[in-house]
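In structure tokens, one chain follows: the form predicted on its own.
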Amino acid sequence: MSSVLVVLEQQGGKWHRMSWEALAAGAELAGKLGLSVDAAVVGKGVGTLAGEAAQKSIGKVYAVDHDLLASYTADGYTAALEQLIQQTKPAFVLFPHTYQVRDFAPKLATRFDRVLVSDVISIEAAGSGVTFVRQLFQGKLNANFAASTGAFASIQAGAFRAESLAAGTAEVVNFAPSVDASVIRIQAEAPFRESSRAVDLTAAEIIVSVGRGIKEQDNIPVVEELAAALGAELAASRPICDAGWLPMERQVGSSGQTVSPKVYIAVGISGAIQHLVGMKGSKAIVAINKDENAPIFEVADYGIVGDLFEVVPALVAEVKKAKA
């Protein structure tokens, strides 16, 4: 066992962005243990995708290719990856924490008599020992899970930064698993498709997000003016969208969009775990809240304790002055 294997996710020939965050987690773990990190991509005709993954500074990329893997099924993916893991014998197996992974990864881990530690936010390693950290009770507690060699884990969105991956040239290894049609008991239907969004917050470099501290819908223009001055997208926490004050497509959090802009300004947001999951991968987080004990300050790079109705107009004035 000389490597950490990261199973990347693709759908319809397009990468799931969380794949790179999981690969970053794998690279960090491998570095701590003095191991190499390898990747695997599953499907039909995945050679091109494997070549793209091979542009990262990792050891090998396994192109797990079979006609019966063209459409995702838990049975097919489990059978194919079971064979790959049996052959490569990785020290640890990591996945992005996606809906698809939640479907098949527990089944795969059971094949090896292992548990799957899900939604991991950090990984600690000392010597040959590894501890996976995940949150409990909506983020009120962190739990440490000591993991033995061969453990499986999925990585929470935003917990690791994809840009930490260095460029490189990895070896692409074609792996043709033996998958029989009788193994696949599920008939795949058309994949679920979300309705198109008028706003793609994931592409924004600057986001100004508003929470319940804004008090009422008539006060939304206060933060809209800051967003306009910065050339930022306007976003919100769930209560704002549930109330209909802003469209649901502008919601950030576990039931909204997951974002990682260069700058995320949280205005009047307390910092519930459901919201933090959607934005804690931001490069720089600025929090404005009158409650100095608000959880948002625990993840903020810069914090302003004060009344947003005083702070935000002052910021707008300074931004306009700087641009003049």
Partner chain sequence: MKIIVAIKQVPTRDSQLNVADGGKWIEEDDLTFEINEPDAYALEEALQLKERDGEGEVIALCLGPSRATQTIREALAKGADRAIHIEEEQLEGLDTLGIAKLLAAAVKAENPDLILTGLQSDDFGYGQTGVVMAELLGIPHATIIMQVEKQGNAIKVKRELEDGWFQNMTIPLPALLTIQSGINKLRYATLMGIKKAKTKEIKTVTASDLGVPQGASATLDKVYMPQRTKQAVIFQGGDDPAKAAAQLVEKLKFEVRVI
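In this text, the rigid core denotes the largest set of C-alpha atoms whose superposition between the two forms falls within 1.5 Å. Residue numbers count along the first chain shown, from 1. Since we're looking at a predicted model, the values are computed, not measured.
We do not show the form predicted together with the partner chain, though everything after this point is about it.
Tell me, yes or no, whether P295 is in contact with the partner chain in the predicted complex, where a contact means a heavy atom of each within 4.5 Å. It does: once the partner chain is placed as it appears in the predicted complex, P295 has a heavy atom within 4.5 Å of it.
4.5 Å heavy atom contact, S118 to the partner chain in the predicted complex: Flag for S118 set to yes.
P247: touches the partner chain in the predicted complex, heavy atom cutoff 4.5 angstroms: Result no; P247 lies far from the partner chain in the predicted complex.
Wondering, does N142 line up within 4.5 Å of the partner chain in the predicted complex on heavy atoms? Yes, N142 lies within 4.5 Å of the partner chain in the predicted complex.
Thinking of the partner chain in the predicted complex, which stretch from 254 to 262, 60 to 68, 25 to 33, 44 to 52 has heavy atoms inside 4.5 Å of it? Correct option: 254 to 262.
Can you pick out, from A162, V173, V199, V133, the residue that has a heavy atom within 4.5 Å of the partner chain in the predicted complex? Of the listed residues, the single hit is V133.
Go through 83 to 122 residue by residue and record those having a heavy atom within 4.5 Å of the partner chain in the predicted complex; state none if no residue qualifies. Counting only heavy atoms within 4.5 Å of the partner chain in the predicted complex, the contacting residues of 83 to 122 are T98, Y99, Q100, R102, D103, P106, K107, T110, R111, D113, R114, V115, L116, V117, S118.
Comparing between this form and the one not shown on the rigid core: C-alpha of D242 shifted by 2 Å or more? Yes, the C-alpha position differs by at least 2 Å between this form and the one not shown.
Just checking, between this form and the one not shown and with the core aligned, does A227 shift 2 Å or more at the CA? Yes; A227 is a residue whose C-alpha shifts (by 2 Å or more) between this form and the one not shown when the cores are overlaid.
Rigid core fit then P177 CA moved by 2 Å or more between this form and the one not shown: No, because once the rigid core is superposed, the C-alpha of P177 moves less than 2 Å between this form and the one not shown.
Given a CA distance change of at least 3 Å, are S270 and V120 closer or farther in the predicted complex? The answer is closer, because the C-alphas of S270 and V120 approach each other in the predicted complex by 3 Å or more.
With a shift of at least 3 angstroms, figure out whether the C-alpha spacing between Q100 and S237 grows or shrinks in the predicted complex: closer or farther? Result: closer.
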